[in-house]
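Given next are two forms of a protein chain, the same chain in both, each as structure tokens and marked structure 1 or structure 2.
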Structure 1
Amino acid sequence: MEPVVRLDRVSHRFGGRDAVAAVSDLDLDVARGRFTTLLGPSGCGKTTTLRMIAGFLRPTSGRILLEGADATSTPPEKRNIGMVFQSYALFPHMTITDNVAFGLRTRRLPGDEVRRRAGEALELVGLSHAAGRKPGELSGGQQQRVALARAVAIRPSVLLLDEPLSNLDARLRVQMRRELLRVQRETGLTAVLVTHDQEEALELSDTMVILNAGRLEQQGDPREVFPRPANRFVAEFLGYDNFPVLPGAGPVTIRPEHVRLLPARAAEGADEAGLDGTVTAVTFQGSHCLVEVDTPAGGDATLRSVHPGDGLRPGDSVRVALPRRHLVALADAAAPAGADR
């Protein structure tokens, strides 16, 4: 099936003679009816990519295809794209209904069609009761749902979401993630979300695209990417915290919750790699402790383990057990996350 959005070796550079590449030779397909997230740290190129899809920025090189047609030079208003911004971008003097209907009216649809579709969109996000209010009378979460309804009402080919939840508190972000996913599933919309929040990407994504310094590091189903990061950058960004070099295994990574700490003279299991170590720090984190252990492993010799922490103190000797089924071999282990490459 033809992807709704295809980026064909797309690049964008800012500046003149000393131009900086915000996005470099990016190939990306956005499948119909799927939820795609662009994930990465600040400055990785994800918002630039979204703005090029929307038509607000033109690629320095490469092509953008929408519904199979070359849209590289097509202006934003002719792309049939819905967009939800971080700042909501609602008109404060308009009612909620008029805000939602704005895009429909600019498309010169008949009045009864505008009213019907605006009403359907507000019902979809659970705000029919607020139709006559103004944005200033609503909470931040409600305003974001109005912005979502406005974008959905035009029935876009693709819905673009530029970190729409970052201004909300932690509890409301979780609630709105579920709301976004529900709306996308109920409507069958093709959605592309920009975020720096790995939990958000893991929960929402059908396809997760991880960017770094304008380049694609890894993409795929989160259930495949999360347990098998391709390289150190992806691993660190997804919360892997250990990067030992083990004899016969080379550079590997393992998540702290998979590292077992045993008494100093205990033996690890037959399916585990074992290292002697000395506890250097025990940090209480509520339901558990994060224990740091210095070991003779190559690479980053300090290993971290999620552990109850009972009785462990800095200076204690322990045996570190690394289950082989949780060790992930890395294609590279040289550059720490965040380093420009």
Structure 2
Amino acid sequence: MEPVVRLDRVSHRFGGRDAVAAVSDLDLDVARGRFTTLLGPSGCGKTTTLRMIAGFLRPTSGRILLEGADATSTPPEKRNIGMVFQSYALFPHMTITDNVAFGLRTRRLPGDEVRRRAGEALELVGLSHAAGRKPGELSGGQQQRVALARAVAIRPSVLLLDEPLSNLDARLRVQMRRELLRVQRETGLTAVLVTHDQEEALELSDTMVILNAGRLEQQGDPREVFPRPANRFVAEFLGYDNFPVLPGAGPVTIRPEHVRLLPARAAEGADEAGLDGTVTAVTFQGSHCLVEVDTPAGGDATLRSVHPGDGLRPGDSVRVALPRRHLVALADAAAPAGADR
């Protein structure tokens, strides 16, 4: 099926003396009716990408196709795209109904259809009772839902969401996440959500796109990406904290919950790699401890293991066992961790 949005080698460079590309040569297909998330650390170009899709920014090079047609220079008002901003951007001088109806009125729909569809959209987010109020009289979570209703009401060909949940407290965030997924499934809309929260991306995505410094690192179904990070950047971003150096093997990684700690001089299983190490730190995490182990034999890597923690102290010698089926081979050796630029 034709993608709703296609980015074709899109780059954007902000003007200025030390112009670095915020997005470089990005190829991306957004599948119809699916939930796509753009995931990456702060400053990696997520918002820039979204703003180019919406038409608020022109790519410096490359093409943007919407519904198969070149829309690179189409102004935002002609793109039929629904955008939910991180700051909500509700019109403070209009009632909730007028906010939601705004995009319907610009489409010159008849008055009764405007009222009906605005009403439906508010119902979808459970805010019919707030119809006559002003945005300033609503809580953050409610404003977020109005912003969602306003974007959904126009039946956009794609719904863009820029970190819509990051201003909410942790509980509300989880609740709104479910609600977002429900609205997307009920309306069948194509959605692109930007986030730097991997948990959010894992829960919501049909396709997850990981960006680093304006470039695409890996994309796919989270069920495939999560257990198989392609390179060290993706692995680090997804919480693979261990990068042991095993004799005769290329770069590998393993999650802390899969690393077993045995008494010194104990033998690991046949299907495990073993390394001698010294405990350097034991951190209490609630249901378990995180134990850090220095492994001089493993290229001096510090390995982290999830462990009950009882009886281990810094300085203790241990044997680290790495089950081979949990070791993930990485494409690159030690690419620098691309955090904030």
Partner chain sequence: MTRRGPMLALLVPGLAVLVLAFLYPVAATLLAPPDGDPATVARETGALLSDPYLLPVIARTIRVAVLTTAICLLLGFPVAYLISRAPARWAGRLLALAVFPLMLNTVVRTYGWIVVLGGNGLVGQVGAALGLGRVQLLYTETAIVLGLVQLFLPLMILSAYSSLAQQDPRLEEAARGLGASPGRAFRQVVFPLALPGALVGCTLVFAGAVTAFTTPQLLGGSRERLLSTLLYSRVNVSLDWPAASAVALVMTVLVLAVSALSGRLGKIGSTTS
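Take the two forms, superpose them, and find the largest set of C-alpha atoms that agree within 1.5 Å; that set is the rigid core. It should be emphasised that the depicted structure is a prediction, and the values quoted were computed from it without experimental measurement. Structure 1 provides the reference sequence; residues are numbered from 1 along it.
S.K.: Have a look at both and say which one is the form predicted in complex with its partner chain.
M.R.: Form predicted in complex with its partner chain: structure 2.
S.K.: After superposition on the rigid core, does the Cα atom of K134 shift by at least 2 Å between structure 1 and structure 2?
M.R.: Yes, K134 moves 2 Å or more.
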